[in-house]
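The chain that follows stands alone, in the form predicted on its own, written as structure tokens.
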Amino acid sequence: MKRTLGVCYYPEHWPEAQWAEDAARMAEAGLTWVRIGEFAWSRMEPRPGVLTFDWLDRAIATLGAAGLRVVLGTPTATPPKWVVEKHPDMLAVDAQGRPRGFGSRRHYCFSHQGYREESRRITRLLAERYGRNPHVAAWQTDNEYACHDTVLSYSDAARRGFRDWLAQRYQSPDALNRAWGNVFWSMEYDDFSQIDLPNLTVTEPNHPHILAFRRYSSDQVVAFNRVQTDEIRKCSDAPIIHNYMGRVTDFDHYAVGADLDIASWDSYPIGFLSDRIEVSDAFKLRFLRQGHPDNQAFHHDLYRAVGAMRGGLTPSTGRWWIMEQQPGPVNWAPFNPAPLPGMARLWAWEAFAHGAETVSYFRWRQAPFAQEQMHAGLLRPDSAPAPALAEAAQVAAEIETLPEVGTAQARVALVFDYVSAWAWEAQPQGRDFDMFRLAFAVYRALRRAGLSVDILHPDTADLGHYALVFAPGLMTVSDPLRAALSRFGGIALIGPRSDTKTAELSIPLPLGPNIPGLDVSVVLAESLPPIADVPLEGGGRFLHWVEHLEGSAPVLRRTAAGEPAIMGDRLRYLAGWPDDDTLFAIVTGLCAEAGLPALDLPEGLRIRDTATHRFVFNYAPEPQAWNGVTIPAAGVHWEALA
């Protein structure tokens, strides 16, 4: 499949006389796709039942006449004021019991059945009108589920829905009481109607109560999305997409992905570095205008896995896009520097090297009004080219000259689990324990070693293609993965904090992990403050988290105090959270055992192997050498694989 570029466009923001010129300029720049409509409900239906699709008809026709393909978004992320007035209790409620009001976006509660039906209705109307339109070649549901902390709602609708969900899951209050351990502190219930939401308690709510509400809330996102995909599929054969976000674990992206044809995500590397990644100030300064060298790649690999959930694809071949790619300064981060020249090109090529079908820039023209007026586009507000337009055109020209590179089956895999992220948020035990942060630490070590990585669903049942598998921080190891590990012929490094709880967030008996072929038990866990560490024998250290192990499995590494740090043989358990250099040493040692070549890439230089080419990306602010080639700052180099 040929790689393509796109852009996000808002015809309702601009005079209609300008549309044709914009479309022609998009095509001239080499863009193929245009996403429209996802925020335009008030222009589609300004009053209840008053449909004004004529302008949208003309916009789609104008874009299509220029040879552009349209991604049509459902507008449910921004219900108009009249919808809120019709359903005043549809607003989400925060953990302090305050309604989250009208005046920006995402002002709805996923549990509200009345709003869900309004969303079904507007989606059905769009699908009936445009489902066979030759220019509408893909659909997007809603926009950025979970943005602005909107998955968890403590509304009356959520309370009613949660009680019903609990009744279906547990069948009886007695079963729920046993599962949650409610005998503790006399928290037992006689009826599901007694159960409230896990907020506004005197001290922390019971952890399985929190986890159950996280599961319920995620299920509401899945159900809300499915309402839309069901309506679209009745009228259209075009692929359906949702645009996920970076470092968001509020709902199960895999479960939503099962109802989509393509996963996409919105990539804002500089904004994410500013407020979503734990790094030093010196690191932030060095990569201020480039973003973290591993953050985009991690999400590319994650959403490739999410894009494999429908259609029997593999984590190496899942379908995915970038729906929004940062072209310049954004408006929403604490600080918003401009990208280093060349980064709009580098980010696009890195996405393609990880298997992206399309990279779509946000947005075409910078808006001169409202909340996002400081967010750059490919054009300035006066329609003059912004710096990223030339870089996008360069990528479009390069796509024409570079043969299809395809994706390759990785030899290394990392298991990532959203439920575990919720579990450790419910019961962190250490203030800085975070599932994403732990998984990302492992991923960074793998990238530093020059490895291409597949990210796996926690229910993965086949590990046969991999030489190394990493499973950090899994609350439980699922039965399919447990069976796959027992059959696995490579080396698997499990832990820390893996398979040490039940699905209800209790301590299992016998103590975990309970994985056939790995005779190890975690008998005590410690969380460490930032001022403390646990030195390892021979060098290295654990930070954040350390566990005490027992069992008959061989001890492969010890702490300086003589306690087991890694135990096992083919299956191994890691008893702590290594610092970056220690984790890198562990990774390279495992590579040597598994017969995988490993590098030690300099900071900022990263590679990705495809089926036919090796891509080298320089995130550093200065030139770097690679195999006799000097790659400039923000530069991309590719070479054919032998």
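Note that the structure is a prediction, hence the values are computed from the model and not measured. Numbers follow the displayed sequence, beginning with 1.
From this point on, the text means the form predicted in complex with beta-D-galactopyranose, which you will not see here.
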Next on the checklist: If the criterion is a non-hydrogen atom within 4.5 angstroms, does every one of Trp424, Glu526 and Leu543 touch beta-D-galactopyranose in the model of the complex?
Outcome noted: no
Item to check | Stretch in contact in the model of the complex with beta-D-galactopyranose, which is absent here, among 546-554, 452-460, 514-522, 264-272 (heavy atoms within 4.5 Å) | outcome: 264-272
Checklist entry - Can you pick the one in Asp294, Asp149, Glu372, Asp432 that has a heavy atom within 4.5 Å of beta-D-galactopyranose in the model of the complex? => result Glu372
Checklist entry - beta-D-galactopyranose isn't shown here, but in the model of the complex which of Glu350, Glu391, Asp259, Glu324 has a heavy atom within 4.5 Å of it? => result Glu324
Item to check | beta-D-galactopyranose contact in the model of the complex: Leu379, any heavy atom under 4.5 Å | outcome: no
Next on the checklist: Even though the partner isn't displayed, in the model of the complex is Glu118 close enough to beta-D-galactopyranose, meaning a heavy atom within 4.5 Å?
Outcome noted: no
Checklist entry - Taking 4.5 angstroms as the cut-off for heavy atoms, does Phe39 touch beta-D-galactopyranose in the model of the complex? => result yes
Item to check | Contact test in the model of the complex: Asn143 vs beta-D-galactopyranose, heavy atoms, 4.5 Å | outcome: yes
Checklist outcome for this item: Taking beta-D-galactopyranose in the model of the complex and a 4.5 Å non-hydrogen atom cutoff, the residues of 303-341 making contact are Glu324, Val330, Asn331, Trp332
